[in-house]
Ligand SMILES: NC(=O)c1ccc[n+]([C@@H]2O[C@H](COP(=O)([O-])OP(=O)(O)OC[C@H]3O[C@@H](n4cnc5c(N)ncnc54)[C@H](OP(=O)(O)O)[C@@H]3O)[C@@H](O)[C@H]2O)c1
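There is one chain below, alone, in structure tokens, taken in the form predicted alone.
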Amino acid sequence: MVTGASRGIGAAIARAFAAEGFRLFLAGRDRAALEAVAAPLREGGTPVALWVGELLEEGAVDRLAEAARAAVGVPYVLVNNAGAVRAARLELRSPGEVADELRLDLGVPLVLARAFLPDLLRRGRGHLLNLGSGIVDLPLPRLAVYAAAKSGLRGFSVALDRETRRRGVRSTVLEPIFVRTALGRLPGGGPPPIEAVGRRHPHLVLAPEVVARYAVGALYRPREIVRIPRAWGLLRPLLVAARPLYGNRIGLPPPRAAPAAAREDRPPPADPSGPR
């Protein structure tokens, strides 16, 4: 089961898991995009069921869990990928926007895990893959809420793994640095942040397929935290120690406005003025 599977990392993980022989249950907000992901997989012989809905709506997580059980039973692998991010100074954000980002990036993974955990523990087998971020170790300005959510997700995932691993259920947090996906696009706010980072530091920006390969690998070699790419895990202590030297240089351009949050599974509105 993959949330936020319409495009980007979620779609890449769906394709990678299909190649491993998994049946798939894909969730997202964009039916047309989900169908576009599912169609070639079905043609290749992979059974794919879909659920379309807004995870922030009241009762949506319960409806998603019920639909998954009806379609495929209790999933062996749950990929918590759906997420939101907005690059803006905290004082420019409304309390509602902050709450929604925290709910989607942290609250929904917790509630989904709780929905399936009793069944997974009774079966004695299962794996939760939670999409975290390298921002936990390299927090950037104007991403304070996102950093808070992903830091919480790491803590939750690691604690849960230590709580349930002896009963056959593993939990892994995947922490890529920068990934070229729609999650980093900011409607009406100039160039997407990931593009800005990519122009300055192209070696830091990964394709979604790279994250998908690490996700598959985590199933066969379970670990609490998987830093992506592996070189990031090796260089992380040095970069963290050197952070005061480079300050905000690895980061986002100064915001000109307070754009709406961008979601991984919904394409952003086109910026009529084009890249700047």
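We number the residues from 1 along the sequence you see. Not measured: the values here are computed from a predicted model.
Here the subject shifts to the form predicted together with this ligand, a form of this protein not shown in this document.
With the partner left out here, this ligand still marks one of 217-225, 65-73, 29-37, 42-50 in the predicted complex; by a 4.5 Å heavy atom cut-off that stretch is 29-37.
Interface residue remark: residue 56 is counted as part of the site for this ligand in the predicted complex, having a heavy atom within 4.5 Å. The closest non-hydrogen atom of residue 157 lies beyond 4.5 Å of this ligand in the predicted complex.
In the predicted complex, this ligand lies farther than 4.5 Å from every heavy atom of residue 171. Put simply, residue 150 is close to this ligand in the predicted complex: some heavy atom of it is within 4.5 Å. Contacts to this ligand in the predicted complex (heavy atom within 4.5 Å) from stretch 1-36: 4, 5, 6, 7, 8, 9, 10, 28, 29, 30.
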